[in-house]
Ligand code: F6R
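Quick heads-up: it's one chain on its own, the form predicted alone, in structure tokens.
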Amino acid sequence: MCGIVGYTGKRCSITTLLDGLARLEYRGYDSAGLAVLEDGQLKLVKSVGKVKNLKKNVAATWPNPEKCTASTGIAHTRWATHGEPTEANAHPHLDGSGKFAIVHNGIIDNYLDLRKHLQEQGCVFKSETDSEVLAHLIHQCYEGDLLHAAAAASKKLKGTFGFAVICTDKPEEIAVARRGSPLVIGVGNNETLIASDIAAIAAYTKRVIFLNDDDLALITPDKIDIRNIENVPVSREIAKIDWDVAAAEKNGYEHFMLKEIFEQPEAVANTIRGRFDNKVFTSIMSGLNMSPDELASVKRIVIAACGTSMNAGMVGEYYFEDIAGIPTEVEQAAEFRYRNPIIEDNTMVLAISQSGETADTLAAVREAKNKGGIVAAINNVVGSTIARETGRGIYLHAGPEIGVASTKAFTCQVTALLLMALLFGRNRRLERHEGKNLINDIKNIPELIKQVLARAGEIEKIAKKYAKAENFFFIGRGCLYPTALEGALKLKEISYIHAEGYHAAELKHGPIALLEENVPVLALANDIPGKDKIIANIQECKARKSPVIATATVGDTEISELTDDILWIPHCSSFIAPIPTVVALQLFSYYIAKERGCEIDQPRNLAKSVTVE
């Protein structure tokens, strides 16, 4: 959600801070700001809206930033929670004396009590935010040591936070702390950076330190002092990241989302690369760190996820039950810890999160560990909190995903779930030849996606035809049911069309009342088991005069006679079908949003990584 960048070094910090904020725009935000230390004073610039607005305001203050002497600073992009998007509510926030500036991600649950207490002591607040209390708290706790003040203030906070603070007394220091909101330190040459996401600093260093919960750090250009909240020094390893800055550029595509849709053949190939054992026809999941006996001990799988990752998990439920014969259920991660889930010793809890920082999914991981479950993760970010706390799982290797609406992460998550199902299946009841056939099918996924992408022009023409619709239904059966949910989610995310995904059988249990000639239905009618039932559902829709677009297997003349338009999908098995099908739905949603003139990469009100409950 919100983004943090900080810099202390030997050059002007402003350019680095603005560049870092620009690289965090994909996370979603509605205001931005920065504070730097120059000539012994804090200089603060804020703006409502995009980083480009902030750049204009910065240029008015520093017409020649290369001549600026502000070598230490912090910056922030804010996604509004407490208080509307205004300059007053934008970060950074100052204390009353103007001596301290802070930026903060997360939510301070007890901010009202803290605010009241601080006001009684004479503090004057200038914003509606929960974050501003931090600046005043740190001022109260300060006795000459910035790190000690940050630690003392942290102890008073309830909720989640990742924050950074600078002080006029300490021109080369930044103090940072985290609890439930990610922070990473970038180790450079005579310079040190901090950020909430490695995307912001990867252009400057590949050496990073991931902070754990209740870690604090004091950074200077040439020193990093990390302690826990009790002021005890702790050691954190320096990791080398493989983030490719070029991969976070558009490379000629009009939008990041379109680029990432077209990257899916390569992304899926990276997910499956090196993960097949062609001697016994199973998958290699070394990250799970489980022996055959341990795999066999798993009697139940619970998948915890949110949003697109939850839709991927629902596809995985079909895989684990059909291929491996393991009872599986999918839990909305936000509900997991609040409903007292039953986790036996032989239950695996599988957390799925693209970022590895999703707050609700992280809370589910901690609850599952507390209950003694086997906990594993599927995510795309090396060094993320969920990856580190589970200690076992699968990295997708899909590369950075900048568009807020997830595309390649979903297809890679589904692919990873299929690989896991193959592993569990061969450990149980899946015969050698069945394993071999499934491996061949998985290896063919990148080519199937390419065939769908080759029809992008056809899909664009169909999308333009329906771009004025204000309501849409997506229906599917079997593992294409969660695919329908994901298709509807993509359309509503980026085009703002009200779109609903349903199991096709549910259509007649209420939603059919809404069907009429200006409510299109997109039916997933691939040539797989359940197709005959989908045909019956299509006819029900046509009888209510709703236009019907279908996904159908290439050459299916029966479906083409029943529907208004077809998104053609190459022939593949029912297990593989969700992947090329969802690619067609992604393109369909993209072209509708483009036709409607929507902000595709950064849809309104949305954030890439949801790091608060």
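The numbering used is simple: start at 1 and walk along the sequence shown. Computed from a prediction, not measured in an experiment: that's the story for all the values here.
Not on display, but discussed next: the form predicted in complex with fructose -6-phosphate.
Within 4.5 Å of fructose -6-phosphate in the model of the complex, a heavy atom is found for all three of 308, 353 and 493. Per the 4.5 Å heavy atom criterion, fructose -6-phosphate in the model of the complex is contacted by stretch 404 to 412, the sole one of 404 to 412, 316 to 324, 518 to 526, 465 to 473. Among heavy atoms of residue 358, some come within 4.5 Å of fructose -6-phosphate in the model of the complex. Using a 4.5 angstroms limit between non-hydrogen atoms, residue 489 touches fructose -6-phosphate in the model of the complex.
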